[in-house]
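Quick heads-up: it's one chain on its own, the form predicted on its own, in structure tokens.
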């Protein structure tokens, strides 16, 4: 339906994008039993807690820098095949440490995958280093400090993800100060599991350019107006929101209402195979479920490029491809 349209994605967790076929091959390579979590080419979970368990178990089959290069290259090739020209991947240095690979080797593997994909298809990609709030403020500060020390040109943004209900946004403010001081773009998960207040807290404390999800802002009309006035971009992931029951169905999802209220919105896939979606499906849903025209969808894509954490030369080159 939207196959001829160019696409961009600002919100995708790298491990959450792992194609089931690749994960199965990796599991066999390392003799890891994932049969409880991966059946008939589909990831298996039934609620948010079991989704996190499944996500963590599948992540265990990626162990080396080359594994991460392959994962990154495979996903970016999948995006390029459906007309995607730009992707931002959410990565966690802490994850590299937890699996015993180390943050540097983990990030270098991902960067190698980006280089290979760009050579093959011309797709551009950048990395958003994320702190995971359920590991506490010190861990999140550590992630920001890692991003600052890395001086990696592909690391262009900082994020806070994980369990939204843990701690206050203010508990993590120092991490965002570190990231802001070195010029990283700021985005933060809010307004997904928690309500409109979490979006307001993010605006008050972090002052981010973008918010991951943010869709629960629709519960507060004054907050919606504030988002529109500030020009804050929402990284909206409709398929993920329905899969996790943030909204019961697409008819009740506020993507169009937010756009009509003047909020700058983009569309992404979040953890695509875990939520039985893909970036192509999200673009198709923009047309079929939300009634956006091709011209309106192109505007969502332009918004994504305008909000991308890239240098101005790259931004203009991407805009020229729409």
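All figures in this text were calculated on a predicted structure; none of them were measured in a lab. Positions refer to the first chain, counted from 1.
The form predicted in complex with a small molecule exists for this protein as well; it is not shown, and the discussion that follows is about that form.
Only one segment in the set 224 to 232, 187 to 195, 93 to 101, 73 to 81 has any non-hydrogen atom within 4.5 angstroms of the small molecule in the model of the complex, and it is 187 to 195.
A residue is said to contact a partner when one of its heavy atoms sits within 4.5 Å of a partner heavy atom; residue 271 meets this definition for the small molecule in the model of the complex. At a distance threshold of 4.5 angstroms between non-hydrogen atoms, residue 292 is out of contact with the small molecule in the model of the complex. The small molecule is not shown here, and in the model of the complex it never comes within 4.5 Å of any heavy atom of residue 287. Using a 4.5 angstroms threshold between heavy atoms, residue 200 stays clear of the small molecule in the model of the complex. Each of 55, 162 and 213 is positioned with at least one heavy atom within 4.5 Å of the small molecule in the model of the complex.
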